[in-house]
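Encoded as structure tokens, the following chain is the form predicted on its own, with no partner shown.
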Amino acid sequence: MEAKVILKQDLAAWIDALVKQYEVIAPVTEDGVVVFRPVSGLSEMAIEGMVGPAKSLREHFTPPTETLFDYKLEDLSAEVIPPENEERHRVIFGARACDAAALLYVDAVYSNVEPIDTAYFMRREKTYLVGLFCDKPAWSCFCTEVGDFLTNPVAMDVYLTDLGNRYYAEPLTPKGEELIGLGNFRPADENDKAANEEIRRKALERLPKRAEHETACLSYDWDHPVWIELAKKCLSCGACAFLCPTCHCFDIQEHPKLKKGSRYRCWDTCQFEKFTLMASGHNPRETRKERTRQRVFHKFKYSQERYCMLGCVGCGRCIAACPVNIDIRKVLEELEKTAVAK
């Protein structure tokens, strides 16, 4: 598909055209941090000079709290009332390559369970992604260590790169071409393509090289001393999990009100002590040693074995947000150093 260019002076008109047809969700500054929220125009968006959104796209596909159904009880019968479907198609504008890649992982997870998660896949079907190349990676980013999706994007319809006074736009799907057709784009020329390559080259210079975690993770040591060190530091706050674009665990609760009520699900994490607490009182991951090991094994070894892909896209949010400076890159380094020595 042909790459095109739009001048920044024409961006507002393009966004307005998108808003007329879709719900547009884009980066905005909220309480001092960048998050994705519905917008009505370019003036609300925070895409210029954005280092990286504090939150991933997760909440727009699996909300932190979501009603599964309401119910009414009458004698021995019950009426189940499903939630209203979200009818409008939407565009997520400015998505990062790591967050888009994370959706493929979550797709794989939800595709391997029954019953099918209709709410998640309905949102996926009705959402189009306009990505934005990450030319200012944060100090904690390591996406290039776990994949090549920064320069070979996945799960996007359009991929934009900021060239200063204009955006270089690559339509990646027929829907992407349709979205671009709503704006005042022109075909990209050789100067545009050269500028795009230069922007990418400079960004890649600031990021780590590709590692072979897919192979190395299969030999991670279950009894490695790093788990004890992690257990000493980890506070089990769950910040790493709630900011992670590939984490997907949830709890299900009832909210009864006399003869009616609702069943809902809410985010949960394997880093919480009671996550695996059973009715019998047994807890297979009673200490932080088991829980921190589970997180790393799940992101790498188990995901590679089950889905043939890593469960980490290197967004680095867990590193930036950890209150005790746990750095998963260092953990992997320790695990793989030992594996090589053996």
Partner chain sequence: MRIENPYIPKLATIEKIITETWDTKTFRAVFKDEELRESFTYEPGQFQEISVFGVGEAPFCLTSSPTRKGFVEFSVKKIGSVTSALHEIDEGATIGIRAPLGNWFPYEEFKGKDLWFIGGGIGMAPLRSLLNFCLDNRKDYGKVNIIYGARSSGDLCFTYEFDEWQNSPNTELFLTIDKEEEGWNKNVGFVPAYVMDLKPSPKNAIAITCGPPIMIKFTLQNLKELGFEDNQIWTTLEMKMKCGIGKCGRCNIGPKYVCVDGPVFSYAQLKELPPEY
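Computed from a predicted model, the values in this text were never measured in an experiment. Numbering follows the first chain given and starts at 1.
Another form exists, predicted in complex with its partner chain; not displayed. Remarks below refer to it.
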**Prompt:** Is its partner chain in the predicted complex near all of 22, 62 and 164, within 4.5 Å of a heavy atom of each?
**Reply:** no
**Asked** How about residue 125: is it within 4.5 Å of its partner chain in the predicted complex, going by heavy atoms?
**Response** yes
**Prompt:** Is residue 309 close enough to its partner chain in the predicted complex to count, meaning some heavy atom within 4.5 Å?
**Reply:** no
**Asked** Is residue 305 one of the residues lying within 4.5 Å of its partner chain in the predicted complex, judged by heavy atom distances?
**Response** yes
**Prompt:** Does residue 87 reach its partner chain in the predicted complex, with heavy atoms at most 4.5 Å apart?
**Reply:** no
**Fill in**
Here the chain appears without its partner; judged in the predicted complex, the stretch of 188-196, 267-275, 148-156, 164-172 with heavy atoms within 4.5 Å of its partner chain is 267-275
**Prompt:** Which residues within 111-132 place at least one heavy atom within 4.5 Å of its partner chain in the predicted complex?
**Reply:** 113, 114, 115, 116, 117, 118, 121, 122, 125
